[in-house]
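As a starting point, one isolated chain is supplied in structure tokens, in the form predicted on its own.
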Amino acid sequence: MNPFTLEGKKILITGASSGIGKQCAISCSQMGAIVILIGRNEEKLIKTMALLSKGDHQYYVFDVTNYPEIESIVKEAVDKTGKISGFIYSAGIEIPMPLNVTQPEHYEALFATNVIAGFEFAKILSKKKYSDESGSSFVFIASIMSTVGDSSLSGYSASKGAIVAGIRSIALELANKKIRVNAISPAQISDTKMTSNKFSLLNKEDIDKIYDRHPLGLGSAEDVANGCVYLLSDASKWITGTNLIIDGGYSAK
């Protein structure tokens, strides 16, 4: 049997209405998984659904920071589809802002979406009644900013660093439940709204500098999705508590 297949696996994906989360949904469905999409924009979720390979997929319009309702969404999905064998936490926000004007509420918003909601999903999905008895895999989308720094990204970098630090402890705690937990840290991805918004605020010289920092050029959402597929598959069954850097050589400089 092909260890890289996701055939028969049920994968729950947050942030699935656009960017990396959207591509993860497409790629997972192409590898045979049934996917459950979660996002805030119904119109975009429907468009993502239309791009999936055939399967009994479903979607939910939901704000991941609505912590008290996370379990009801998970329960409904499991009741319809079966126990979850994979989870990708791709919901995330970026608030680029110099330190001297960053306020506590900016940090709170970043950590609420980028960290706390993801850990809440992991807590609930790790329950015996929701998790596949044969084993499952959780993948958190972090950022290369968890490892290196950049100006005006103190809050964002801190939140992504918290993911990378936190998943190590979660991985150890959930190993006895046959749940693997890993993170992926991408550098600049060309085909996301976050990158588009960022570039709209920069001049050509600054954009050229970003390209120059990536020896293999900017990545695509598919490059990250391929990493997720690997970590969700049985091919990575001996990998947990690690941070997979997918950055086109960014951090090698």
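Residue indices: 1-based, along the sequence shown. Computed from a predicted structure; not experimentally measured.
One more form of this protein should be noted, the form predicted in complex with a small molecule, which is absent from this view; the next part is about it.
Taking Leu153, Ala162, Ile116, Ile93 one by one, only a single residue has any non-hydrogen atom within 4.5 Å of the small molecule in the model of the complex, and it is Ile93. Residue-level contacts in the model of the complex: of Asp56, Asp212, Asp63, Glu69, one residue has a heavy atom within 4.5 Å of the small molecule, and it is Asp63. Residues with any non-hydrogen atom within 4.5 angstroms of the small molecule in the model of the complex fall in just one of 168-176, 98-106, 71-79, 134-142: 134-142. The shortest heavy atom separation between Gln30 and the small molecule in the model of the complex exceeds 4.5 Å. Though the partner is left out of this view, Lys47 does not reach within 4.5 Å of the small molecule in the model of the complex, counting heavy atoms only. At the 4.5 Å threshold, heavy atoms of Thr240 stay clear of the small molecule in the model of the complex, well away from it. Using a 4.5 angstroms threshold between heavy atoms, Gly227 stays clear of the small molecule in the model of the complex.
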